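The chain that follows stands alone, in the form predicted on its own, written as structure tokens.
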């Protein structure tokens, strides 16, 4: 990728900017218990990066349960209500280590930033974390109809930022998100478990030691 002038960074939200995954898990497990079965953290890995309704379908597969479309909509709404209650108590201290410093550096360097998240609660989360003004655009579940690994979220973010896909870098913590970035012809930095993110172009364990210069050096090789 030598010679590419990167102009934008697009961030997934859950698991990249803040760890809301545990709140999703608590809400899904609560729903599973209401439906009469348990739901483990290992099984929860299958829900990362996919839409709410697809997550519910996977949950029902795990429990061997079948619901009508109407019952599924009610169940998904209940899960979301519990999740919203949990995240309504989020504090800025829950921003993952190094994230704010890296965002500050990107701003200083003139790099545009966006959120690209399937979450329909992205606005609430960012407001609770006092991060709304740190991103030029927020593309969430209210703006798109296709879930990752479809690249719609990231393509929309690049378009709203006014940059080419080749000038954009995606930060993701889920396999479906990595695939979405690549399906959109974007480079992807995986954040988290190397075993789950082996398709990412680069994998980091977090933002604490990350600098924009280091990112550019990695991607220019």
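Fair warning: this is a prediction, and the values are worked out from it, not measured in the lab. Residue numbers count along the first chain shown, from 1.
The form predicted together with a small molecule is left out here; the points below concern that form.
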Quiz prompt | Site check 112, 156 and 168: each within 4.5 Å of the small molecule in the model of the complex by heavy atom | solution = no
Quiz item: Could you tell me if residue 43 has a non-hydrogen atom within 4.5 Å of the small molecule in the model of the complex?
Solution: no
Quiz prompt | Exercise: residue 99 in contact with the small molecule in the model of the complex, heavy atom 4.5 Å | solution = no
Quiz item: Going by a heavy atom distance of 4.5 Å, is residue 49 a contact of the small molecule in the model of the complex?
Solution: yes
Exercise. Report whether the minimum heavy atom distance between residue 146 and the small molecule in the model of the complex is within 4.5 Å.
Key: no
Quiz item: With the small molecule left out of view, which of 107, 120, 127, 78 would have a heavy atom within 4.5 Å of it in the model of the complex?
Solution: 120
Quiz item: Pick from 159-167, 32-40, 179-187, 50-58: which stretch has non-hydrogen atoms within 4.5 Å of the small molecule in the model of the complex?
Solution: 50-58
